[in-house]
Each structure stands twice: as structure tokens, then as C-alpha cells.
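A single chain, nothing else alongside it, follows as C-alpha cells in the form predicted alone.
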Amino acid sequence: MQSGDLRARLTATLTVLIESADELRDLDAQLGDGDLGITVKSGSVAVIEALSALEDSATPTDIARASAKAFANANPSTMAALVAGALLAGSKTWADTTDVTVADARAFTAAAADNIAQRGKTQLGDKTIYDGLAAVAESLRGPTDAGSAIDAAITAAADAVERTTPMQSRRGRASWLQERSVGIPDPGATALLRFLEAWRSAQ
């Protein structure tokens, strides 16, 4: 996927993702402070505006970095900071990339997941967005075409949400609820799933 196509696809994806803001707000209200819907909506709007201001010569790395800056600046939340850091970490894997392939997407996602694990001090089974990102990165090892890749990524993200829902949250505000967090899907992992679904619908 060339830079122009990537920018257009990301813009279309975020436009669709905004429609999930209310769902994510309500879900986050059960486990956190309920600001995830606002974070997703305001961050998506900011990224769309930032992408529209980029030069036609912008590279995939430029796109990722502009998205990270816009998303972080739009929100003071912890999730926004984690997402921005993940995007910046992923952008480093695209230093010489002009045409994003499935292999590039996997490298990006793996770097983003590792960054969230380190900055968020989280690991698999803590019931966070990291569970979803790690699963998505692993799912991209096999597919070579974009269609198969997004299908595999969505399946992996959905499985991660389903797998961790019966668990007790162990990081962030959700961990304060202890046993009461059992049975509630993680908002961050759900947001990742909704992003991937929006990416597929934006084809």
C-alpha cells in the first residue's frame, strides 16, 4: 500500500471508528473513568485533520508520526499517551518503507505491542490492549495478501477480547475493581478490535 492509499484508508477508517465512541465510553465506564470514547473520538478527529495537512510526499513513517502527535495532543489521557508511544515505536520499523506490505504491518504492530508492554508495565493475561496487539502481530506471520491479513487480525483481536473477558483486570483503573472486573470486556482491546473492523469496512 503506497503512502497516498495509506493516508486515505486511515482517514476512512477513523471516520468509521468514531461511530464506536459511545460503545467504548459505556464499556470504559464499567472498568475505568469512562473517557475512552472521548479519547477515541477526539483523537480520531485530530488525526484526520493532521493527515489532511500532510504533503503529498509524506512517507508511511511521516503518516505514523503525524498520527501519534495528533492523537496525543488531542487528549491528556493515559491511553492516548500509550497509543502515541506505540505509533512512534511502530514508525521506526518503517524507516525505509515506501510501500507498506503485510510484513511491514506485522513489524509495526509487534513494535507497537512491545512499546505498550514496556511503558504500560503489562504482560499477556493482564487484560489490556496488549493482549489484542500481541495476538494481532502473531496473526500476521502467515498471510501475505492484505485481505487475508485483515481477516486474520480481526479474528485474533476478537479472540483476545473473548479470551480475556472472564479474567480479572490487573493493570490500570480496571484493576481497582478486582473481582468485579471479571466478565467485562477490556475497553482497550475492544477499541483495537473496532479499529480493525473499521479498517476492513473502509476498503
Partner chain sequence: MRKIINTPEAFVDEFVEGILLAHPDLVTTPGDDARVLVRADAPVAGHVGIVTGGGSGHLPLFKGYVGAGLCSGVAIGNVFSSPSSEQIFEATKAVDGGAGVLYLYGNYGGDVLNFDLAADLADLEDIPTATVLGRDDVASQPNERKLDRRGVAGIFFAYKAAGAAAERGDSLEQVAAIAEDVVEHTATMGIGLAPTILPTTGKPSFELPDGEMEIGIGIHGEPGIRRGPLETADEIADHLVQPLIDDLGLTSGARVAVLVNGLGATPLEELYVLFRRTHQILTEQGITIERRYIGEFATSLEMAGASISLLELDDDRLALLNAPARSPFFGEG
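These numbers come from a predicted model, not from an experiment. Numbering follows the first chain given and starts at 1.
Only in words, not in the display: the form predicted in complex with its partner chain, which the text now covers.
For this chain shown on its own, do N73, A81 and K92 all sit within 4.5 Å of its partner chain in the model of the complex, going by heavy atoms?
Yes: each residue has a heavy atom within 4.5 Å of the partner.
Is there a heavy atom of A110 no more than 4.5 Å from a heavy atom of its partner chain in the model of the complex?
No.
Can you tell me if L88 lies within 4.5 angstroms of its partner chain in the model of the complex, counting non-hydrogen atoms only?
L88 belongs to the contact set for its partner chain.
Contact of K41 with its partner chain in the model of the complex (heavy atom, 4.5 Å)
No, K41 sits far enough from its partner chain in the model of the complex that none of its heavy atoms falls within 4.5 Å.
Option from 24 to 32, 65 to 73, 139 to 147, 161 to 169 whose residues, in the model of the complex, bring a heavy atom within 4.5 Å of its partner chain
It is the stretch 65 to 73.
Where, within 104 to 133, is there a heavy atom within 4.5 Å of its partner chain in the model of the complex? Residue list please.
Residue within 4.5 Å: R119 only.
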